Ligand SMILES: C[S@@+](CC[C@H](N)C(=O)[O-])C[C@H]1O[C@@H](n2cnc3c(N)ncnc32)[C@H](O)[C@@H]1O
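Listed next as structure tokens is one chain, alone, in the form predicted alone.
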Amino acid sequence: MGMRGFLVISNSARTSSDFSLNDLPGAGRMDVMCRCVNSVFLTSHGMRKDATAYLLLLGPPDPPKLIRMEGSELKYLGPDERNIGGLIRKALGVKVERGERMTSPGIYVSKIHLEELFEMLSDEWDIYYLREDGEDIRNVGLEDGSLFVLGDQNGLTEDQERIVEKFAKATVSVSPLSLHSDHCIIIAHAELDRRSHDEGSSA
């Protein structure tokens, strides 16, 4: 498990592999999921090995599907949406009923419902809900082991928010404006990077 994690919940992204890599937006905005994966793991000239991404896909035809990606194990991950979409499509093409199956190095797929997922994650992570009306992230004492939860372009439903808030330590904001999900991930990374750098400088 990485030292920082991101869970992106999509109520529209397809949960089967029958979509075209040439039309990722048409697959329930799978392009948004691909951009989020890019933001979780990729830097200008490298990859974040200390990060974990969870994509909870709830669109048709076979929800829920959870795709977990571990930066310390990933291979073949490129920066373009088509490459990332291909890895997601491969994961969705694997039949899974119980447990978790690895579909390529560092990528795992399973079927798990939202509350069950949070019960599992709360044993491993300090959970924070990212939303524009939350507490300024710069005023929150984040540490290694923080996991940020955010929605896709449409956000979460009220029922989903109630579940998230039940398990989250706090609701935090990276901006008073409503930003793209992938941009929120980059800003959260930047905040943790700054703190790690400052702690290292003062050691």
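Numbering starts at 1 and follows the sequence shown. What you see is a predicted model; the values in this text were computed from it and never measured.
The same protein also exists as the form predicted together with the named molecule; that form is not shown, yet it is the one meant from here on.
Consider Leu150 of the chain shown here, and say whether it contacts the named molecule in the predicted bound form, taking contact as heavy atoms within 4.5 Å.
Yes, contact at 4.5 Å.
Test of understanding: in the predicted bound form, would Leu130 fall inside 4.5 Å of the named molecule by heavy atoms?
Residue-level check for Leu130: yes, a contact with the named molecule.
Contact flag, Val172 vs the named molecule in the predicted bound form, heavy atom cut 4.5 Å:
Output for Val172 is yes: heavy atoms within 4.5 Å of the named molecule.
Even though the named molecule is not shown here, does Asn154 get within 4.5 Å of it in the predicted bound form, heavy atoms only?
Output for Asn154 is yes: heavy atoms within 4.5 Å of the named molecule.
Please pick, from Leu179, Leu192, Leu21, Ile186, the one residue with any non-hydrogen atom lying within 4.5 angstroms of the named molecule in the predicted bound form.
Only one option qualifies, and that one is Leu179.
Residues in which of 60 to 68, 162 to 170, 142 to 150, 41 to 49 have heavy atoms within 4.5 Å of the named molecule in the predicted bound form?
Heavy atoms within 4.5 Å of the named molecule in the predicted bound form occur in 142 to 150.
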